[in-house]
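Only one chain is included here, represented as structure tokens and corresponding to the form predicted on its own.
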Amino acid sequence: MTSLIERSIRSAVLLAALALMPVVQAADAPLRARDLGVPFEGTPGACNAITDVAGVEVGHATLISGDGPLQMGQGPVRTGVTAIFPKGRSHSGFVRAGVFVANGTGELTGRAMIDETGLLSGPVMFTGTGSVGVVRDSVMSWYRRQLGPDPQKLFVHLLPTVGETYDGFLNDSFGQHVRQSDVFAAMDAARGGRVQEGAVGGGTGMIAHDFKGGIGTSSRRLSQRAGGYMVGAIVQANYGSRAQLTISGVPVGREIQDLMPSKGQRKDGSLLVVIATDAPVLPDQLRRVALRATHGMARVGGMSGTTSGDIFLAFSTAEPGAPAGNLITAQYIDPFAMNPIFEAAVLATEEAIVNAIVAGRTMTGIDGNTVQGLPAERLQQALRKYGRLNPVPKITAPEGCQ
């Protein structure tokens, strides 16, 4: 009995020591929330990213230049573009999709067609508010370069899908610094596997819960009993107040009340979420999946402020079925069996948002405006206080993720 008690004590001491160990990061492994001991529910895919849904590719183009006072049209520049291809750059066709708008102070081009037909063509693009037009037009030009001057082939890409969040606290948004070449670079860079997070691509100048935000991603694999399908999410996080920030149930924003953005409060931001799945679901079911991003946002403390454009899109990479004339015979999940997919969408969105914040690094932009990154040790301290910190002795690259 004594030896059993001693072993229990030694185990408890070891776990406590591991929780207090400094983070050791592999040179090629970016810092993510799980690496710090943040506990999450559910089972992620190999990369814990939207690219765990087979075929999905993501690329970024990041624009950072200049310092000092704002000179509109000159900078400083803190912006970029992110491209999310549902079935890869070489695919030229539709996938089924659905959109849900939690708060509409924002823009998602092409949404009317998705609502009407349940179909999405080409990539979903993320950028800053001032660059929606050039990104939209550049997507059309990219496909013209890829497919040639054939109106029949190009017709499917006539209404590109571009979402935005406002980066005007750090970036010369009205200077419209994104160019066609930057959009091409993001699209050309799209790949499967690991996804860069934080201040990259469209997320470069974004702020989340008054910490540096940006791009984040995560995934969940359903149990075999639920079909074994994959659900992945990618976010551009640019919303929320500090007091609202909640991570794994811990009121982190109330625990860390300093490190606020310089020069006072900024305006409400926005949240873009794209959810991908390989489950065979219909457009109306995908609209229901997109709605669940609202709950993932809420788990981190988001409440959709008045000027927050919280717009969520879900698509399925599953083949729609074999056409026979004007008929398509397809299988789809029973509407009353959707709960596992809903849960996966909520959990992946939640973790993607936290990953975006954890990946954020302190950034100074126009007029010396500065947004702090969330310090890893302060986050761990808050989680430890509430008994929510997982012991993490070392960070390693996800097994099977390239």
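Quick note: we count residues from 1 along the sequence shown, nothing fancier. Since the model is a prediction, treat every value here as computed from it, not as a measurement.
FYI, the form predicted together with another copy of the chain isn't displayed, but the following is about it.
Of the residues given (Leu63, Leu31, Ala376, Leu70), Leu70 alone sits with a heavy atom within 4.5 Å of another copy of the chain in the predicted complex.
A heavy atom within 4.5 Å of another copy of the chain in the predicted complex is found for exactly one of Ile256, Ala298, Ala318, Ala185: Ala298. Taken together, the three residues Thr105, Thr129 and Ile328 all come within 4.5 Å of another copy of the chain in the predicted complex, as judged by their closest heavy atom.
The stretch among 84-92, 189-197, 108-116, 211-219 whose residues place heavy atoms within 4.5 Å of another copy of the chain in the predicted complex is 108-116. When another copy of the chain is considered in the predicted complex, Met260 lies well away from it, no heavy atom lying within 4.5 Å. By the criterion of a heavy atom within 4.5 Å, Ala337 is counted among the residues contacting another copy of the chain in the predicted complex. Using a 4.5 angstroms threshold between heavy atoms, Ile333 counts as touching another copy of the chain in the predicted complex. None of the heavy atoms of Arg242 is located within 4.5 Å of another copy of the chain in the predicted complex.
Scanning 282-314 for heavy atoms within 4.5 Å of another copy of the chain in the predicted complex gives Leu282, Pro283, Asp284, Gln285, Arg287, Arg288, Leu291, Arg292, Thr294, His295, Met297, Ala298, Arg299, Gly301, Gly302, Met303, Ser304, Gly305, Thr306, Thr307, Ile311 in sequence order.
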